[in-house]
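The chain that follows stands alone, in the form predicted alone, written as structure tokens.
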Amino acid sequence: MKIIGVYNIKGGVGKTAAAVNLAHLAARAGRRTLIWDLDPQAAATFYFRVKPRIKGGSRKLLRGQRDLDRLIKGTDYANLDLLPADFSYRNMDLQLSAAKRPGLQLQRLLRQLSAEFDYLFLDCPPSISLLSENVFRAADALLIPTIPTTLSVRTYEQLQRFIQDNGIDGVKRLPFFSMVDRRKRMHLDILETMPKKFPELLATEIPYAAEIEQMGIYRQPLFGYVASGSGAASAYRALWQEVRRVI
């Protein structure tokens, strides 16, 4: 099972849209796919029309009193399952800190799913926290949507330093440009300069597009309501092909 954390310290950069659409593409290709919504805001759970609640909350989950298997929900899409968010996830850092080896608890939990799925996508909340450290240590790759702005570049540099300073060397960093608007001078400048500084940057760009924002209206992945040849749909397909090659 390949574990892909979709993560950024910043919010509002297109994490959930990427997690939902790439998981959907993996499932459409016949891969057994799970998306775990770790964000208490529950956007991914909302898109899949699932109630955002886990009986017993994160405390029982982390203590091993609830099996992950029993919490997984089916979606409307073949090969695609969801572990929904729960508002108690807002306290997950406190619960992780009380455990032995607190940075490895997510890795321990996910072992029980390794034979059941080909891909696991973790839709992560925006923060640097004990939960994010757990994601970094459990994931094979971090997919990092990055808006081409000065602050986003700075945020990516902060993430790099955190990973290096904490000796987290087993996870691939896969930043990619998200919400790109080529009418903006700053976007064009950073699209040109950032790849020279960060060679790990993926080539695919996800455009800023109204049809992506409409996921919240239709409550489904992009491919459920747009033509397969649309610019945004083509971009997500290209991104998934690139991610698959890298991991």
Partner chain sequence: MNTQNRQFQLPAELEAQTIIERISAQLPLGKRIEERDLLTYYDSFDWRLFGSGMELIVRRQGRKRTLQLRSQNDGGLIESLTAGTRMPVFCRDLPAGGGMRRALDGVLQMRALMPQVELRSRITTLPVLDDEEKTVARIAFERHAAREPGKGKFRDVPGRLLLLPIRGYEESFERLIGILLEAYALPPGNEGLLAAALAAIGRIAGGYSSKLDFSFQPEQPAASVAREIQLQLLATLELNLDGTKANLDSEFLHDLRVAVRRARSALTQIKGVFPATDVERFKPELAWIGQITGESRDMDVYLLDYDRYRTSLPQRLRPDLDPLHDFLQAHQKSAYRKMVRQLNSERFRRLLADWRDYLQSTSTGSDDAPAALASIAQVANKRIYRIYKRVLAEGSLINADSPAEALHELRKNCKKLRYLIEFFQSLYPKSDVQPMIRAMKQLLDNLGLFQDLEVQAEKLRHFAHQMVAEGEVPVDTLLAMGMLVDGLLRRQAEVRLDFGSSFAEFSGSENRKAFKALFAGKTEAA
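Numbering follows the first chain given and starts at 1. On a predicted model such as this, the values are computed, not experimentally measured, just so you know.
Absent from the display: the form predicted together with the partner chain. The rest refers to it.
- Three-residue candidate spot Arg70, Asp76 and Arg219; every residue lies within 4.5 angstroms of the partner chain in the predicted bound form by at least one non-hydrogen atom.
- Residues placing heavy atoms within 4.5 Å of the partner chain in the predicted bound form fall in a single listed stretch, namely 111 to 119, out of 160 to 168, 111 to 119, 138 to 146, 173 to 181.
- Val50 is the sole member of Leu191, Ala43, Ala209, Val50 with a non-hydrogen atom within 4.5 Å of the partner chain in the predicted bound form.
- Contact check for Asp86: every heavy atom lies farther than 4.5 Å from the partner chain in the predicted bound form.
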